[in-house]
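What follows is a single chain, given as C-alpha cells, in the form predicted alone.
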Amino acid sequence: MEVTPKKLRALLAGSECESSGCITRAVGVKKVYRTGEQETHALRGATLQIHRGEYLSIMGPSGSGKSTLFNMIGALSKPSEGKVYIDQVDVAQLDFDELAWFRCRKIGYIFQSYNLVATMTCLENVTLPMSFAGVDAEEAHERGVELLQLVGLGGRFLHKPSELSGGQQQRVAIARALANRPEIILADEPTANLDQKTGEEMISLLTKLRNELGVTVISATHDLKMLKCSDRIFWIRDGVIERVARPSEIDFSSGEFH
C-alpha cells in the first residue's frame, strides 16, 4: 500500500516544525478512555516539540500518562483532542493502512520484552520489517547483516532468540528497529530487563547510533543512567507535562530519583 505524494502534501502541517528543526510536535493533546459511562483522562492537554536528532527521555509515575504520551508521539494511538505531527504529517488524518505504511518507514520500535519472533533467526527477525516495506530479499539480507554487525552481533546471524542472552536479544531488537532507516527510534523501558552492565552497554549503543546515524531517540524510562545521557527529560504527572529540563539542570541525588 502506497501513500500518494498528493495525500502527503495534503497532510503537511506547515513550516513550523521544519523551521524549528523539530521532528515531532504535539499540540494540546488529550486522551480519554471510556468504559461504559466511566471516563479516564490519561492526557489533559500535552504540548511539546522534539527536535530532530535529539535524545529525549519521558518519565513519570504509574498512571501518570507516560505510556499514553509515548504511544501518541510514536503514532501507536490517536488523540481524543489535539494534534500530533510527525515529520509535518498530522497522523490523525491517516487511515489504518496509511498509518501502518507511515510507521513502517518513519519509526523503529524497541520494546522492554524484546518482542522477537522465537522461531526466527536473528537475521530473519531483523529483515522482517523490510519484507513488510517491500524491500528486495537480497538487499534486505545485506542490510540485515550490516545491522547485526553494527550492534556487535556479527557472529550470531543464524542464532535464535533462545540461544541469546537478554542483552544480545535487545541488540537484535535495536538492529530490527533500524531496519527501514527510520528517523525516530521509540524505546520503551529498553534497559528494564537487563543487568546494570548490560543496561549501560545498551545506553552507549543507543547514544552511538544517535550520534552516527542522526536518528531521534525517544525513551520512556526511569533508568538513571539513561536519563543522564538524554538531551532533555520530560516529567509527566496526572496527564500533564509538568517539567522539562536538561540533565545539567537536575540534582540526580534528590529523593525524586531514589
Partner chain sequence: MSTILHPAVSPIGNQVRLPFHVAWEIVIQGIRIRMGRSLVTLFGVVLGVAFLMSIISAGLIKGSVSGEIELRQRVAAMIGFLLADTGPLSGKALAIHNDTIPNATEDRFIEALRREGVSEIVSIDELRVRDEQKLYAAIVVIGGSLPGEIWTKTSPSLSHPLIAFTQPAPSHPAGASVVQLEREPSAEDLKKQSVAQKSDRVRTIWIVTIAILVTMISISNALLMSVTERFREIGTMKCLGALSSFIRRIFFIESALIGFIGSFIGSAFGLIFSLAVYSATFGPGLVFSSLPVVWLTAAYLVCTVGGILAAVIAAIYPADFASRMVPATALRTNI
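Since the model is a prediction, treat every value here as computed from it, not as a measurement. Positions refer to the first chain, counted from 1.
One more form of this protein exists, namely the form predicted together with its partner chain; it is left out here, but the text below deals with it.
- Picking from 226-234, 43-51, 213-221, 198-206 the stretch near its partner chain in the predicted complex, with a 4.5 Å limit on heavy atoms, gives 213-221.
- Although the partner is absent here, residue 134 sits close enough that one of its heavy atoms falls within 4.5 Å of its partner chain in the predicted complex.
- At a distance threshold of 4.5 angstroms between non-hydrogen atoms, residue 88 is out of contact with its partner chain in the predicted complex.
- Of the heavy atoms in residue 161, none are within 4.5 Å of its partner chain in the predicted complex.
- Remark: residue 117 counts among the residues lining its partner chain in the predicted complex, judged by a heavy atom distance of 4.5 Å or less.
- In terms of contact with its partner chain in the predicted complex, the residue from 140, 147, 94, 84 that brings a heavy atom within 4.5 Å is 147.
- In sequence order, 100, 101, 103, 104, 105, 109, 111, 112, 113, 115, 117, 119, 120, 124, 128, 129, 131, 132 are the residues of 99-132 having a heavy atom within 4.5 Å of its partner chain in the predicted complex; the partner itself is omitted from this view.
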